[in-house]
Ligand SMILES: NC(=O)c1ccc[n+]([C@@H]2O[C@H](COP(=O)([O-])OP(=O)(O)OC[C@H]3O[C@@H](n4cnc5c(N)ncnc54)[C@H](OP(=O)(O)O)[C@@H]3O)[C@@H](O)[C@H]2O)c1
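Next comes just one chain, in structure tokens: the form predicted on its own.
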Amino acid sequence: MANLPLHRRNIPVSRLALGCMGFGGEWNQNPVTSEHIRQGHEAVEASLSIGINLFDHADIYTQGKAERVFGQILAERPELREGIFIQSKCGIRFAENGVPGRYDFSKEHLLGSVDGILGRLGIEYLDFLLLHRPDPLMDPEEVAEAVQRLKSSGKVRRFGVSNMSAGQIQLLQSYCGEPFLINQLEMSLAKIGWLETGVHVNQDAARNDVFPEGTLEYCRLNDIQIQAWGPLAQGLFSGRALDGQSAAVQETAGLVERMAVEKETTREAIVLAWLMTHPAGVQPVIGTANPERIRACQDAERIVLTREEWYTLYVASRGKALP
């Protein structure tokens, strides 16, 4: 079970979450169609069938259409709301009127974004709100004011961040009375910086590490749930064509396939189980709307990888022996 707190009659948050970025079709202003709604229903039903009850959104996903689709699903199946958890993210703004794309943690923007999210979803509150990407102009006191207002108004129950380092979370937390319970980071067999930054301590290779050192440990020490976005690496190890891919990717994909056969499961389950084997209690947010691929993730929680199997995949993915 994830580290997130329980809500509503002690319903636990599922170990897997569904990322809804693919809901609503293209990233444009075209209207939501009945086909989008149908596809959304199928993805939600596939998720529920394998025990997923946490659905991850962001106000920018398909330019707001992802939340509109989910809102229509809830309107047609209102009984779902009390059995699921909904989280969304805000803080990224698109380019407009000659101004480039940017990040915005101003109080005005955060409060307005949440109102927009709730309106598109057709709900009264979010279970979790995440600050999407660090804003260099962030005023932590202003963020704290927004967080307090959202909490006291009942619009948001819990808070978290996405793509933040330990220092950034610590700065925010020093001003905010509400705890930040989630940090969503890109993590997969293809994105292993979260491991490399620890392995490379006191090594020359550390010069090339970009993942902020100590972030994983800070989250573990402070009971912050680590969520992994992109955990399936866009199918890189579970069926995507490998033409032109590196030898490391091809070797890792072969190992995943072999382990899936040995354990009588899917390649998706092996890829996710590798993440979930880590003692940090990583919660993968699978980012597909394809019902077949969603159901292929069902075994991830039950699959047990030995230490040797885990390291075999890790070393293969990094393409060279450990230092």
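Predicted, not measured: the structure shown is a model, and the values here were computed from it. Position 1 is the first residue in the sequence shown; the rest follow in order.
The form predicted in complex with the ligand exists for this protein as well; it is not shown, and the discussion that follows is about that form.
Visitor: How about Gly19 - does it come within 4.5 Å of the ligand in the predicted complex, if we only consider non-hydrogen atoms?
Guide: Gly19 belongs to the contact set for the ligand.
Visitor: Given that the partner is absent here, does Gly198 sit within 4.5 Å of the ligand in the predicted complex, heavy atoms only?
Guide: Gly198: no, not in contact with the ligand in the predicted complex.
Visitor: Decide whether Lys263 counts as a contact residue for the ligand in the predicted complex under a heavy atom distance cut-off of 4.5 Å.
Guide: Residue-level check for Lys263: no, no contact with the ligand.
Visitor: Quick check on Leu232: any heavy atom within 4.5 Å of the ligand in the predicted complex?
Guide: Contact with the ligand, yes.
Visitor: In the predicted complex, which of the listed residues (Asn290, Ser49, Gln63, Thr277) lies with a heavy atom within 4.5 Å of the ligand?
Guide: Selected option: Asn290.
Visitor: Select from the listed residues Arg240, Arg149, Arg81, Lys107 the one whose heavy atoms reach within 4.5 Å of the ligand in the predicted complex.
Guide: That would be Arg240.
Visitor: So which of 198-206, 244-252, 131-139, 69-77 is the stretch with heavy atoms within 4.5 Å of the ligand in the predicted complex?
Guide: Stretch 131-139 is the one.
Visitor: Judged by heavy atom distances of 4.5 Å or less, which residues of 152-186 approach the ligand in the predicted complex?
Guide: Heavy-atom contacts within 4.5 Å come from Ser162, Asn163, Gln184.
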